[in-house]
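Just one chain follows, in the form predicted on its own, and it is written as C-alpha cells.
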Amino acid sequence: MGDVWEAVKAVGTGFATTFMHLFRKPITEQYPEYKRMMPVRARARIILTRDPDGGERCVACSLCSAVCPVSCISMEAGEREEDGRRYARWFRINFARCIYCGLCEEACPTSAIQLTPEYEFAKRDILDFVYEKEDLLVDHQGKDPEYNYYRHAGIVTGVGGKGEHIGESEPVNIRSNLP
C-alpha cells in the first residue's frame, strides 16, 4: 500500500507543478530582434585561425579528422617548398553532420581549429553546409593570439633551426658523450 501512496503523491506533485505554471504569464523573447547571450564556453561554428605572422596555423596533421566521432572533417596535406612548412591543400567540414562536440578543437596541436559561439547559419540546401578552407579561414588568431606553432615545435623551417626555437635547448652532440 506504501508504493501506491508514493505513486499517487508523485503524480499529484507533477499535476500541481503543471497547474501552477498554467496561470503564469508567458515569457516571449522576440528572437531576431533580441538574441540571447550565449555562454562563454558555447561551441558552435568552426573556424580556422592564422598565426601572428599571418600564415595558416593548420599543418594538416589530420588529428581533428581522426578524433571526429561523425567523420565530418577531411583534408589533404601539402608542404611548401620555400620554407618546408606543412599546410592543408584543401580542408573540408560538413556542418550538416557536425555535432559540435569540440573534440577537433581539443585535438588540434596548433590551435588552428577553434569553435566560436556563432550559431546562426541555417540554410535551405544541404550542400551549402559543406564548408571549404576558404570559407573557414579567418584573418585573426582566435583564442590564442600569441601562439605560433613553428616557433615552439623545434622543426627546421624558415622560422629557425634546431635549438633556435622558444624554450628549446641546443642539440646535444652525442659523439661528445662517448668515452
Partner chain sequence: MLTWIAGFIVLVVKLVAILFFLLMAAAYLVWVERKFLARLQLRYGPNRAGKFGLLQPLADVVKMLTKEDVVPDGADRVIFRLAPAVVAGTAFLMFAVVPLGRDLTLFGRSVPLVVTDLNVGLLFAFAMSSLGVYGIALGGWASNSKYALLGSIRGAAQMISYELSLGLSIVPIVMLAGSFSMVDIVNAQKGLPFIFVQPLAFVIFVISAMAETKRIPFDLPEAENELNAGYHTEYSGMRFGLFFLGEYVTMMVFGGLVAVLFLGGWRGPWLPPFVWLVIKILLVAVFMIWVRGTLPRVRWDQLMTIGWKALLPLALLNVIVTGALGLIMSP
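Positions refer to the first chain, counted from 1. The shown structure was predicted, so the numbers you read here are calculated from the model rather than taken from an experiment. Under this definition, the rigid core comprises the largest set of C-alpha atoms superposing within 1.5 Å between the forms.
What comes next is about the form predicted in complex with the partner chain, which is not displayed.
Participant: With the partner removed from view, which of 42-50, 137-145, 26-34, 115-123 is the stretch that lies within 4.5 Å of the partner chain in the predicted bound form, judged by heavy atom distances?
Facilitator: Going through the listed ranges, the match is 26-34.
Participant: Do T18 and the partner chain come within 4.5 Å of each other in the predicted bound form, heavy atoms counted?
Facilitator: T18: yes, in contact with the partner chain in the predicted bound form.
Participant: I'd like to check something about G14: if you look in the predicted bound form, is any of its heavy atoms closer than or equal to 4.5 Å to a heavy atom of the partner chain?
Facilitator: Output for G14 is yes: heavy atoms within 4.5 Å of the partner chain.
Participant: Rigid core fitted, is the C-alpha displacement of E134 between this form and the one not shown 2 Å or more?
Facilitator: Result for E134: no, shift under 2 Å.
Participant: After the core is overlaid between this form and the one not shown, has the C-alpha of E120 moved by 2 angstroms or more?
Facilitator: No; that C-alpha moves by less than 2 Å between this form and the one not shown.
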